[in-house]
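Okay, here we've got a single chain as structure tokens, the form predicted alone, with questions on binding and movement later.
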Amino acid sequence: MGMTIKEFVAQEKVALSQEVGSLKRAPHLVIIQANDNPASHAYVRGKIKDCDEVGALATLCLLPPDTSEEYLLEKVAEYNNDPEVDGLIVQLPLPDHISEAKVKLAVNPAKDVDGFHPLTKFIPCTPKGIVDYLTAEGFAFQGKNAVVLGRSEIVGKPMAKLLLSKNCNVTVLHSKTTEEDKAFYIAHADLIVVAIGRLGFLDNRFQYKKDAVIVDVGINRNEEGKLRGDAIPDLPVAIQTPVPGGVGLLTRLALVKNLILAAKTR
């Protein structure tokens, strides 16, 4: 393993701030948040800090959790039409009375830097961040066996799609896959991306290739309340991304890259 994720992200941010410095104006991200979720507050703070670090602008539009769906969609339309705004994201989760599907479709695909709109030109941030890091680490995707655990719209499905575009042999495993089949596919995997939200799911009951790479997208709290991944630490593989200090940083970096791309291609 050449660089830790923290080192990789720090190095990339230096290059990104130079790129931002060469633009006519600073790229501008707007984050709409309509929840009072502590994890969301932390994510949003992180996103704003990242923008600051590379010289981009970030504006938080914080709405109360009882905001109507109609009002939230009006705010989305307002920022869609604002020529000063390059990127627009709506922080999840949304309150129960607001349709996530409706909101995702309402964001202008040209400003959809999260990559959630079906017509978006942006790669969703978590898969993009992971592939950018593995590429920098010299991982050769073509013909490799990749296993994706989880089939969510935000990580599992777009991750599988992106790995297919890199010519991997992709297998998606999920809650209905038998334990026997999971064991078989994991034992033959060159790359395992786990995103199921189950503490320590990947453990020593499975066999791994010794040159395998495990990318841990899981964010769980253990009994002491510490953040831990979907894999137990120190599995017998070549690279295993840590939690915390792993995929979360890559996701945030990819968001900044998408924002800069949005500003340059508008």
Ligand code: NAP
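In this text, all values refer to a predicted model and were calculated from it rather than measured experimentally. Numbering starts at 1 and runs along the sequence shown.
Beyond what is shown, the protein has a form predicted together with the named molecule; the following relates to that form.
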**Message:** Taking 4.5 angstroms as the heavy atom distance cut-off, pick the stretch from 170 to 178, 131 to 139, 71 to 79, 105 to 113 that is near the named molecule in the predicted complex.
**Reply:** 170 to 178
**Item:** Interface membership of Phe201, the named molecule in the predicted complex, 4.5 Å heavy atom rule
**Value:** yes
**Prompt:** How about Leu88: is it within 4.5 Å of the named molecule in the predicted complex, going by heavy atoms?
**Reply:** no
**Asked** Would His188 show up as a contact with the named molecule in the predicted complex if we use heavy atoms at 4.5 Å?
**Response** no
**Asked** Taking heavy atoms only, is Ser152 within 4.5 angstroms of the named molecule in the predicted complex?
**Response** yes
**Prompt:** Can you pick the one in Leu63, Leu60, Ile232, Ile219 that has a heavy atom within 4.5 Å of the named molecule in the predicted complex?
**Reply:** Ile219
**Item:** in the predicted complex: members of 176 to 200 within 4.5 Å of the named molecule, any heavy atom
**Value:** Lys176, Lys182, Ala195, Ile196, Gly197, Arg198
